[in-house]
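The chain below stands alone and is given in structure tokens; this is the form predicted on its own.
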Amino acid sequence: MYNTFNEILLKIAEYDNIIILRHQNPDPDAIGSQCGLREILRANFPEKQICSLGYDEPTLAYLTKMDEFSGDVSDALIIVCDTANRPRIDGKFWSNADCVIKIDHHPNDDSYGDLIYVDDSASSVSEIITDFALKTNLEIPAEAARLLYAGIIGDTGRFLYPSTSPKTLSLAAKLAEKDFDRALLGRMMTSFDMKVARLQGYVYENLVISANGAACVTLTQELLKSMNLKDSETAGIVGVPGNIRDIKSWAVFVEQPDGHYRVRMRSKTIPINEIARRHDGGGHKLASGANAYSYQELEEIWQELQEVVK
């Protein structure tokens, strides 16, 4: 049984030290929900010590910066946003905290935390945090609104993905009432360097497409080094194959420095998350991640992807 927003708020009120975490390799929703919640809590509980911790992803530096913390977490409340399972939490000390709250929108396959709020029908955790603030009558300052709006934009593909609901649009409209530059934010979220543009070209030129509409492309370490790209910069091209009308589901295989492949899978209508679960991953029905530890496993994922679109 999941906890309510009011139960979460009461737990927040109990602690003077609050640390907010999210998943490794963050995207706009991870940072937007994490730091949007930070700004909401700072505005409503100015007497508390509240910080957001984790790796500062350079490609998302326009959103915000992480805080520094060197204290003891044994008397702290830790809130983990947008993180489906324990191994993905960016901050290994989280289990030493006095209390842990999980707030997420992925299927709850790993039910960690003392309090849990999971809504896998929500477009994003940024949507959940917005709903939480409004339903508990917490002030949403402009900076929090900017971050949460960015998170919703990121996880809905600018309101184009099936997870976008009337509720999503209504909550985004509430955030848009706040005083921040939505046009500037949109430009920063959609612009990219020329090297990423060249990578997009490579993806279009090198896609392998099956007769049934499955597609894949492999990005080797050699290729990334030749283009001066990091793994995090490849995230911006994951949706590129979906722009092709006849492609139904696709995978981007990105070789890591240790030789294994990070697998990013997307689909327009056909669920692909079960494939991810079979290969050290998981996620949403239409947007999942996995790992392949050999070329044979890479081939297995590709074959399974072709099977689901038949």
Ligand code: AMP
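We number the residues from 1 along the sequence you see. Just so it is clear, the structure is predicted and the values come from calculations on it, not from any experiment.
Not on display, but discussed next: the form predicted together with the named molecule.
For the candidate spot formed by Gly157, Ser267 and Lys268, no residue has a non-hydrogen atom within 4.5 angstroms of the named molecule in the model of the complex. Within 4.5 Å of some heavy atom of the named molecule in the model of the complex lies at least one heavy atom of Asp280.
Using a 4.5 Å cutoff between non-hydrogen atoms, Asn85 counts as a contact of the named molecule in the model of the complex.
The named molecule in the model of the complex comes within 4.5 Å of no heavy atom belonging to Arg38. Not displayed here, the named molecule is approached by Arg262 to within 4.5 Å at the level of heavy atoms in the model of the complex. Residues are counted as partner-facing when one of their heavy atoms sits within 4.5 Å of the named molecule in the model of the complex; in 90-117 only His106 qualifies.
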